Each structure stands twice: as structure tokens, then as C-alpha cells.
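What follows is one chain in C-alpha cells, specifically the form predicted alone.
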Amino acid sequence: MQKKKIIIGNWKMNPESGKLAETLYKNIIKSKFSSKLDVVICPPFVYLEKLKKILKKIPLGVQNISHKDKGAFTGEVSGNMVYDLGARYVILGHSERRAMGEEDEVINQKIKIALASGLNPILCVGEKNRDDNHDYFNVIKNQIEKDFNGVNKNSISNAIVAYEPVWAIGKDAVREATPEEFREVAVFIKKILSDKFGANTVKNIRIIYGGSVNTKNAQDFVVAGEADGFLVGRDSLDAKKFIKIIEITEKVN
């Protein structure tokens, strides 16, 4: 069976109110998505319950969980809590959280908590700099090996890996990544996972692109880059642009 492509909207700390979140979500779900494509929205977790009531057919996710399942951890939210609110996916290891000091050992704990809670982890990996000596391969390899360390072989197929080259993201981007660069890294990631868990076990794991995805570059990354989908940041906050990215991917799928 051919694996479905997946489009994930990461709203980050947006929008500013539940009413605006509801409006954005309703505008997105006006489009009728093909059953051949998975679409996931990851809003701030405080909006989960409100959005779940609008339409249960579109899976929801969160942008982080605690590395513990319960206890005296002020301000933290557990995997079981967000699952109970309706989340089925969680973004982990995002470059913005790594920049705040989150280390691979903690990300590893969160992945295990996510899987135990029934959540599908979306692991973000990627290098800060792309060097001529190709040391960025070692950066990515270390992230994947540490983040998936000790993860049960039987549950790894529920994971998604998002490649987000930090040097190609946001206002400080050096340049845009190319589809060929993504394809090279995606093959490398699949090789690491195959070596660790076995080729048959990881054959359906989706490797998606998450480096400033937009309506202009989406088709190239799906066609030339052979991406299994996207983790969309800024353009997921614009319903028309997000739907356009979905439609582009849907046509190629």
C-alpha cells in the first residue's frame, strides 16, 4: 500500500484568541481534502477542545508535551492530557525549542511519552549550518540516534520525521534549501532508520520537509524532492495559502 502524504500546519503561538483560531480553522476545513492525503492542524493546545468540537474528521496535534507523564512539574502538559483533549499528533524537537536549550535526551523522553500516550510524534531534525565537508550528516545522524534511542521497534512506524534545515528558515535564512538537498537528506534519514530498526519496519515512515514551505516551492519539493509531505509554519496561518499547498500536494500524490 502506498503511504499517504501528510500536510501538517504548525500554528506556533498563533492566533491571539480562540475566536480567531476558530475562524482560521473553519476557513481551512471549507476545502474538501482527498482521502489520499492526511491533513493535521497543530494549534496552541489551549484551542484543542474548541476546534475538536467543530470537526472531528481533521486530526489535531500539539506543538510540545512534557518529558514526564505526571507529577510536580509546574506549567507542563502531559501526553495523556492532550490526548484526552483530542490531540493525536505532537511536534517534538522543533528547531525553535532546540534553540531554547532542549536537548536530545529530553526529546527522546518526550517521544517515548508520546508513543505511550497514543500520540504520533513528528520529530524535527536539521542542521544549523550546511558545510562543504558534509558534517551536517553527522549532526542529523546524532539527532536521530539519540532521539529514537530505546524506542520500541513495534511503535516506530507511528513516527514522522520532518527535516528542517535551520539555515533556510525565517528572517535569518541564508538561502532557500533545494528539493535535491532535501531528497539527499531524506534518503540518508531513511538509511539511518533502516539500520536501526530494519528496512521493513521503517518503509512506511514519512519523511517530510519543514523549511519555510510555501505555495511557490511546494510542488518542487513533492516532485523533485520526493517529499512525503510538509510541516508548514507561516503559511498555515493563511487559510488560502495552506489550502493551496494541500491542493498542490494532492495533485502530485
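Quick caveat: nothing in here was measured; it's all calculated off a predicted structure. Numbering starts at 1 and runs along the sequence shown.
Keep in mind that the form predicted in complex with 1,3-dihydroxyacetonephosphate (13P) is missing from the display, and what follows is about it.
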item	value
In the model of the complex, E102 touching 1,3-dihydroxyacetonephosphate (13P) (heavy atom, 4.5 Å)	no
Any non-hydrogen atom of L24 within 4.5 angstroms of 1,3-dihydroxyacetonephosphate (13P) in the model of the complex	no
Residue contact check: K241 to 1,3-dihydroxyacetonephosphate (13P) in the model of the complex, 4.5 Å heavy atom	no
Contact of G170 with 1,3-dihydroxyacetonephosphate (13P) in the model of the complex (heavy atom, 4.5 Å)	yes
Partner-facing stretch of 42-50, 206-214, 181-189, 65-73, counted where any non-hydrogen atom is within 4.5 angstroms of 1,3-dihydroxyacetonephosphate (13P) in the model of the complex	206-214
Members of 211-238 lying within 4.5 angstroms of 1,3-dihydroxyacetonephosphate (13P), judged by heavy atom, in the model of the complex	G211, S212, V213, L231, V232, G233, R234
